[in-house]
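This document contains two forms of one protein chain, each encoded as structure tokens and listed individually as structure 1 and structure 2.
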Structure 1
């Protein structure tokens, strides 16, 4: 067995175990830390698939930013663990059935029948100077330029809509108008006043004032 297969099986097992602990653990902070471990193991598996950009993005964006935010939010929340434990046993059979259906659906799609070596040939290994980021950028800005820009516009519209729906402040607020600022005349704002220079009188020395 090659080194790549050993690394794959080890981190795949850690990924499955940590993902199970995310769902089953009762401590929210521990669940968040197990989710961080899931992201790290997924990044290592992506590195084996020569998807370096996705692996680095997963670690930097999710582990370095999003999960840190989740961890602080979970630590600051006052979670009632007794209320969470109350319905665990009652909904466990339904949860197992739903989990089994989801697993069966995923397995039917990504099984070896559709994604095995019979359907797809083994990809050729890339040389050492191969740049995954360069190839990904070439695909995004050439073949998939319009879908990429359309997705960016849709995300922008979603952000603007979310801000508009959740805004609770006053709609009547002062805004700057550049056309008014450009048309300002100096004579309308500033008035120059000419005044004669006034020389300050020097005070008499203390000895002269005492003699007088």
Structure 2
């Protein structure tokens, strides 16, 4: 067995194990961390396929940013685990049907009929100086330009939707304006007033009164 095969089987096993732990773990923070492990393992599998740009961007975007925000939210939620499990038996038949349908749908697309060894020739290994970033850039900005722009618009729609959900009208409450805070001068805040010197009345020494 070659080294690549050993690496593939080890990380594929970790990938499947952590993916099943994502759904079976009780603690939602742990489930999120297992999902992170999942992403890291699949990044390594992509690396084995010489798709290093995709592998690194998977780590950079999903592990480094998206899952951090996920974890951020999950940590602050107060999840009631007992309530989550309460309807388990009642919804089990329905859930099994849905799961079967989803599995059938996915299998019809990515079954071994379409992606088996017969359907695809073994990809040729590329020389060391081959840069798949350049290839990918050329493809994205020429052949796949239209889908690429559509995906960008989709993200824009998501941003607009998120902002409109959280927008609470124009800001009429009192807020700090940092540009004002920075622009403040001493002259705006402090006024020095010239006063004539005042001579205090000479009070009787208190110590003398106490000693008498």
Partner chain sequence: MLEAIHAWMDSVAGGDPFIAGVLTVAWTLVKILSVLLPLVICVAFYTLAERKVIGFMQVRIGPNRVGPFGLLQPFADVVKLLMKEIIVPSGANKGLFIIAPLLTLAPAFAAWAVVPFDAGVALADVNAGLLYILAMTSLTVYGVIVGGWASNSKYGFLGALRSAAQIVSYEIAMGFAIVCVLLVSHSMNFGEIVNAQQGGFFSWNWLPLLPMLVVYFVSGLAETNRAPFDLPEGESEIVAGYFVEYAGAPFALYFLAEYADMILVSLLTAVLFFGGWLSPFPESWGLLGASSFVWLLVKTAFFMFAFLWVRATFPRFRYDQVMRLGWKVFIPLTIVWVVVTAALVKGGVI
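Think of the rigid core as the biggest set of C-alphas that the two forms share within 1.5 Å after superposition. Numbering follows the first chain given and starts at 1. Computed from a predicted structure; not experimentally measured.
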Query raised in the report: Form predicted alone, is that 1 or 2?
Result: 1
Query raised in the report: Superposing on the rigid core, is the CA of residue 69 displaced by 2 Å or more between structures 1 and 2?
Result: no
Query raised in the report: Hey, core superposed, how many Å does residue 110 shift at the CA between structures 1 and 2?
Result: 3.6
